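We give structure tokens for two forms of one protein chain below, kept apart as structure 1 and structure 2.
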Structure 1
């Protein structure tokens, strides 16, 4: 498993202070979201990399547009030097395929591309009103479509990870938010999973936000999480 730290604090300086406090860890992923990227842009990404060139960056922009615009944007994202980004599976197979084609020139240097299947803010009724089908059936179809379009994986709940891998491939990556490493408060998340559950369900990238940045010692918290992860992986 690869720990992804969500940089969700309200300002660039707070996010950078958090990242700086974690600069001694060489195997961390940093999740940069919509708000941060709109406000702080490329300069923020560049600064993160100067804190620790080994930080890997997941740009969580969830692209959704026509295939041509998505493919062009994917190249711009690759040029930022980030290691992973995401797009909406509901943008369709053609858009997803075009995105992957546009990244071919980057070969092994290309960022990983994940698809968002269903936003967790939907309930079954509100999802059905847009997609005409329940979340579970549709999310699985979206995952298969993403796999067949050549994407690297999907964003999903830890509890869907195993079923998605069974339907696609063990190598098809899953990134799961709502991880509460040691059973911390779930806050507004519905189906939270501990590190043990994430591991059991085959999650490749557990995303942790509040349990880290709201802790009084985020550095110690990350250390504890990484230690627990390596222990679980050995058993």
Structure 2
């Protein structure tokens, strides 16, 4: 598993202080979300790289538009030098295929592309009201569509990860938000999971936000999480 730290604090200075406190860790992914990128832009990403050039950046913008606009946006994102970004699977096969085609000139330098299946703020009832199916069924359909469109993986709850890999490939990546490493409060997330569950379900990228940045000692919290992950993976 690869730990992703969510930089979701209210200001650039707070996010950068958090990232700076974690600069000694060379194996971290940093999630830059919608609010942060709109507010702080490319300069924020560049600054993260100066704090530690080994930080890998996941740009969490969840693109959803017509195919050409998504493809053009994907190229702009690739030019930012980030290592991973995401789009919505519900944008459809044509849009996802156009995104991947647009990145072909980048060859091995292109970022990983993941598709969002179902936001973890949904429960089954609220998801069904919009999509007409339960989360598990539609998440697997979205995942297969993403896999067949050439994407690298999906964003999903830890509870869908294993079923998605069974439907696609064990190499198809899964990134799961709402990870509560030591059973912390779920807050506004509906489908939360521990690190043990994430590992059991084959999650490649567990995302941890509040349990880290709301802790009195985020650096120690990350150290504890990495140690727990290491022990879990050895069992």
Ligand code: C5P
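Just so we're on the same page, rigid core means the largest C-alpha set that superposes within 1.5 Å between forms. Residue numbers count along the first chain shown, from 1. Because the structure is a prediction, the values reported are computed rather than measured.
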| item | value |
| --- | --- |
| Of the two forms shown alone, the one predicted in complex with the named molecule | 1 |
| Rigid core superposed: residue 122 CA moves 2 Å or more between structure 1 and structure 2 | yes |
